[in-house]
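Shown here is one chain on its own, the form predicted on its own, set out as structure tokens.
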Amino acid sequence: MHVSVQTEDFDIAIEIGKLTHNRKDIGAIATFTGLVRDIHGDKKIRKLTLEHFPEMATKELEKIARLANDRWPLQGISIIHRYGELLPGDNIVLVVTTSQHREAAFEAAQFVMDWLKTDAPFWKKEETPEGVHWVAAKTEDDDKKDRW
């Protein structure tokens, strides 16, 4: 299990390699990469700033990774979440799950993202031509988490 909360960008291939190097028991790798969009609803995004409480964020990501690991037969899991100022096109989050079978890898990756959207203590502030505003939580994110 690997969890990181960082300002630095990540390389997906390197992160996958960390989980799969010299492993012959892995039959599936599922990944999710979240990027900063240049449009959110009807707003043009110039910049996204993610704020967090460092210890709390790391502990919550570790908890989510453990929950996924307990629920599915995973060979490995990695969660990287960035914070700070990000521009459209920048990576925000990476989830990598490995398993013997694709179903477990896919489901675990989706579970992690659904839980991250609601439980990870990150706050998003968008800068648009109209000004700066905080992004509100969405009830549909809670609904997606609740299905698990």
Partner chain sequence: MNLLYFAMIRESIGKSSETIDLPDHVKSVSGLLTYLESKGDNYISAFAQDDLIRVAVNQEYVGLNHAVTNADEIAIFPPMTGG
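Residue numbers count along the first chain shown, from 1. Bear in mind that the values here come from a model prediction, so they are computed numbers and not experimental data.
Omitted from view is the form predicted together with the partner chain, to which the following refers.
Mapping the unseen interface onto this chain, Ala65 falls outside it, with no heavy atom inside 4.5 Å of the partner chain in the predicted complex. In the predicted complex, none of the heavy atoms of Asn69 sits within 4.5 Å of a heavy atom of the partner chain. Among heavy atoms of Asp42, none comes within 4.5 Å of the partner chain in the predicted complex. Proximity of Glu51 to the partner chain in the predicted complex: non-hydrogen atoms within 4.5 Å are present.
Along 110-127, residues Met113, Leu116, Lys117, Thr118, Asp119, Ala120, Pro121, Phe122, Trp123, Lys124, Lys125 each place a heavy atom within 4.5 Å of the partner chain in the predicted complex.
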